[in-house]
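Read the single chain below, which is given as structure tokens and is the form predicted on its own.
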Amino acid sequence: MNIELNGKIYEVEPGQTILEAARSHGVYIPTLCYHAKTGGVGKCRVCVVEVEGMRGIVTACTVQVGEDMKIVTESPSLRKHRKMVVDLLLSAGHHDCLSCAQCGNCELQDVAYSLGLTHPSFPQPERKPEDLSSEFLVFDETKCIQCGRCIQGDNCTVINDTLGFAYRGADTKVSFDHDLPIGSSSCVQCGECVQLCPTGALTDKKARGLGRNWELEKVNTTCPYCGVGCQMTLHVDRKQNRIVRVTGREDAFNEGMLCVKGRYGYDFPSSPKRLTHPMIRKNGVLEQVSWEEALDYTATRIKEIVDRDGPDVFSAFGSGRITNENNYAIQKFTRAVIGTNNVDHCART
């Protein structure tokens, strides 16, 4: 069907919301509570638009397009409304962008910038301490805008039912179980809530202070931990040659979702204990050697031992930190070349 967006005709799919239709054609409508995975709830009231024939203004994330619908996404009255809503959100917490871990990767910051808001106009509440009880997550309630995306992701994507809204009115807050610290709750620490949070309310604990968003190189790759093949992005500090953070790729089949291993088990590549060269023990001391010498030595010793004592004296161990193809090669070599089934795998980090 055809719709009119800001005076221009666009072809859109029936069943799409105004927001989805606008985004499919590159027309910007600011929003904070909407996410493609969690859907539109019309909660933040930032994505409002004007539709001919409809009374007042409507939320673009909840209203579906109709044939020949005429929509205005930018006008002085819409800008005034959005500015007031975002101003109130900024005033309801402490969004100190200069020290926030999400600076440069914050949807609230982006919307405020697009509206020309530099500081809140109203008195801010008393600052509350961060929840640091979790192994991998940090929750800063003063940066929460109560969009509900983390709750939707936890309840409908992960289906862990840990997160919810507690209390009422001005006391409403995101709660872990019955208002417990994260570390004492039933949170499985998969980081789905961090992935969905549009502000700096939920952040990765391990990445704090290790690099700003624009300083880190983004490298797309496949998670090596199991056969699902989740797509992920490594945030790499090239100066230190280490992975600082991992996020799921939302344009892939896993839609940004990762398990706790995939999202937080990334320390081993830059571990100081990791061997970087092949080594052979000579006269009781490990000495660095070439790959050719190491492989020849290993093959000779394996052949001597197997020929002397039989194949069942040989054992091979795979790893949860190498690719599935490497693990396949290990078990194939053990069974087909050596002739034993003594092969195992740690299956975890």
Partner chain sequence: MTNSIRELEDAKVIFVIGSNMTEAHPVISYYVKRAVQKGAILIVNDPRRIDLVNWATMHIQHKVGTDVAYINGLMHEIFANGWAKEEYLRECTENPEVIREVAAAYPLERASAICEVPIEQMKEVARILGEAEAVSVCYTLGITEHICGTDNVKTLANLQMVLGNIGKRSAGLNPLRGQNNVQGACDMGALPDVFHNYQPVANPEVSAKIAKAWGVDKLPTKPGYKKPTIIDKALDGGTKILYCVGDNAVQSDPHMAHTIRAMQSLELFIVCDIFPNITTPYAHVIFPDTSWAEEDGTFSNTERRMQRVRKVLTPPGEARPHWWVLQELGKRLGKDLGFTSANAIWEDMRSSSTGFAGITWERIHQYGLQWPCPTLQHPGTPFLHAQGRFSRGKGLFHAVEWIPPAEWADEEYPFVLSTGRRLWHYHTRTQTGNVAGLEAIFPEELLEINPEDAEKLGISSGDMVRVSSRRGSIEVKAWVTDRSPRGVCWCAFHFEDACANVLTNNAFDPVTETAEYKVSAVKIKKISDGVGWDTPIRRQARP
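In this text, rigid core is short for the largest set of C-alphas that superpose within 1.5 Å between two forms. Predicted model only: the values in this text are computed from it and were never measured. Positions refer to the first chain, counted from 1.
Unshown form predicted in complex with its partner chain; subsequent notes refer to it.
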Single option in 231, 73, 142, 247 placed near its partner chain in the predicted complex, where near means a heavy atom within 4.5 Å: 231
183, 206 and 225 each touching its partner chain in the predicted complex (heavy atom, 4.5 Å): yes
4.5 Å heavy atom contact, residue 114 and its partner chain in the predicted complex: no
Residue 211 versus its partner chain, in the predicted complex: is there a non-hydrogen atom within 4.5 Å? no
If we define contact as a non-hydrogen atom of the residue within 4.5 angstroms of the partner, is residue 127 a contact of its partner chain in the predicted complex? no
Applying a 4.5 Å heavy atom distance criterion, does residue 24 contact its partner chain in the predicted complex? no
Can you tell me which bits of 236-275 touch its partner chain in the predicted complex, meaning any heavy atom within 4.5 Å? 236, 238, 241, 242, 243, 249, 251, 252, 253, 254, 255, 257, 258, 259, 260, 261, 264, 265, 266, 267, 268, 269, 271, 273, 274, 275
Quick check: residue 129 between the shown form and the other one - does its CA shift reach 2 Å or more after fitting the rigid core? no
Under a superposition restricted to the rigid core, does residue 9 display a Cα displacement of 2 angstroms or more between the shown form and the other one? no
